[in-house]
Ligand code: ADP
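Starting off, we have a lone chain in the form predicted alone, written out as structure tokens.
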Amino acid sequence: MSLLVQKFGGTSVGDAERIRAVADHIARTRKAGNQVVAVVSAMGKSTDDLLRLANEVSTTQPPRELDMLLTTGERISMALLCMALADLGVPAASFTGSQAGIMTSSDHTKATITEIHPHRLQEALDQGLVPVVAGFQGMSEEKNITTLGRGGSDVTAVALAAALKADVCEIYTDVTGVFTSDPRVVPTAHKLQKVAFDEMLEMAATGGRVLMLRSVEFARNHHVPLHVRSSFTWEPGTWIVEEEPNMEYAVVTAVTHDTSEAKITVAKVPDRPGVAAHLFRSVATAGINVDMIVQNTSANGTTDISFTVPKVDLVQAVGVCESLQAEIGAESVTFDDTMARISLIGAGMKTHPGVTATMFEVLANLGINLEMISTSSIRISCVVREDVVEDAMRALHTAFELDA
């Protein structure tokens, strides 16, 4: 008998009909001889509706109370799914994150899982029940309800799969798997049958929206196989697995893009030890994540430092930099929020030279200028103008023979 953790996203439980379809799928999985733990997100746009209500009644929105509000969406889903399962003769019991034993840090709205005590879930499984767990939430050491941030239900599912030693964690969404590129932008993109964890980490970090980065990291660290599938077709999807020995990888597996970042440039900074450290420590203290960094060659004792941050943090990041401008001796602080990042990902890059040259040639032939460049052993990323990123994606997808 296999143990499966099945996570269903907001579109998968978007209305009563979808919830009944999910219940039917769980019932069929059980009938095939498997144990199931279900993890659910809030229905459809429920979380957005709750945020809208919060905005209508408050400009303060204490984080503790915001977490208490937002967790109600998943609780509605879990109770309704248990009711739908009851109609099919499948005994089920709902559990909030805290009831499921998910302990987190105290960082409201962006907590991290610190430990899991899944005793109640295991007891429910031993009694022949289907535990249905509210995703996206847990409880801090201070006994406060917390949320795990964007995509937190994926993290909940993977963490429970690791704690319960499940055979697989299935992530059900509105797409049939992981594609070689965004099919809405690149019509020739096709579904991948299998992706290595390292490749999936790079894809998630550079704009691939199927899986949350933290959930992939958790799965890799705890050796949890992931299966990304569609809850609308139920067809086999994409497996995210450990690298297999002697496995031959495609040179490029996927082309991704991200339009959610902006570039900040701190110009003519004195080129001396400690300046960059002080700048980025201050940005980090503000809770802002920095991605790509480029420092120009020193000229006349000064240099320019450019870096990217999420657009949602742009105003705060610029404020931090401006507050340090006089202290570090910078001439100016500027920003550009019309940028986009395009990336090539592929484990085969490790052993195939010329990928970078081909990428630059393709972009040059389109007349696309490169604003910033960043690489790893299996990734090449370039920052370009946002209005040309889609043309660049289609051209690179074709150039590296990824078209279906």
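Note that the structure is predicted; figures quoted are calculated from it, not measured. Here the rigid core means the biggest group of C-alpha atoms that line up within 1.5 Å when the two forms are laid on top of each other. Throughout, we count residues from 1 along the sequence that is shown.
Separately, the form predicted in complex with ligand ADP exists; it is not shown, and the next lines address it.
#### Entry: in the predicted bound form, the one of 104, 215, 173, 308 near ligand ADP [non-hydrogen atom within 4.5 angstroms]
The residue from 104, 215, 173, 308 that makes the contact is 173.
### Query
Which listed residue (182, 291, 271, 313) meets the criterion of a heavy atom within 4.5 Å of ligand ADP in the predicted bound form?
Result of the distance check: 182.
#### Entry: Contact test in the predicted bound form: residue 397 vs ligand ADP, heavy atoms, 4.5 Å
Although ligand ADP is absent here, residue 397 would stay clear of it in the predicted bound form, with no heavy atoms inside 4.5 Å.
### Query
Is residue 209 a contact residue for ligand ADP in the predicted bound form, using a 4.5 Å heavy atom cut-off?
Judged by the heavy-atom cut-off of 4.5 Å, residue 209 is in contact with ligand ADP in the predicted bound form.
#### Entry: Contact label in the predicted bound form: residue 9 to ligand ADP, heavy atom within 4.5 Å
Yes, residue 9 lies within 4.5 Å of ligand ADP in the predicted bound form.
### Query
Taking 4.5 angstroms as the cut-off for heavy atoms, does residue 237 touch ligand ADP in the predicted bound form?
Although ligand ADP is absent here, residue 237 would stay clear of it in the predicted bound form, with no heavy atoms inside 4.5 Å.
### Query
Only one of 322-330, 113-121, 160-168, 201-209 gets a heavy atom within 4.5 Å of ligand ADP in the predicted bound form; which is it?
Flagged stretch: 201-209.
#### Entry: Heavy atom contacts to ligand ADP in the predicted bound form at 4.5 Å, residues of 302-333 in sequence order
Contacting residues: none.
### Query
Against the rigid core, is the Cα displacement of residue 28 between the shown form and the other one at least 2 Å?
No, the C-alpha position differs by under 2 Å between the shown form and the other one.
### Query
Comparing between the shown form and the other one on the rigid core: C-alpha of residue 46 shifted by 2 Å or more?
Yes, the C-alpha moves 2 Å or more.
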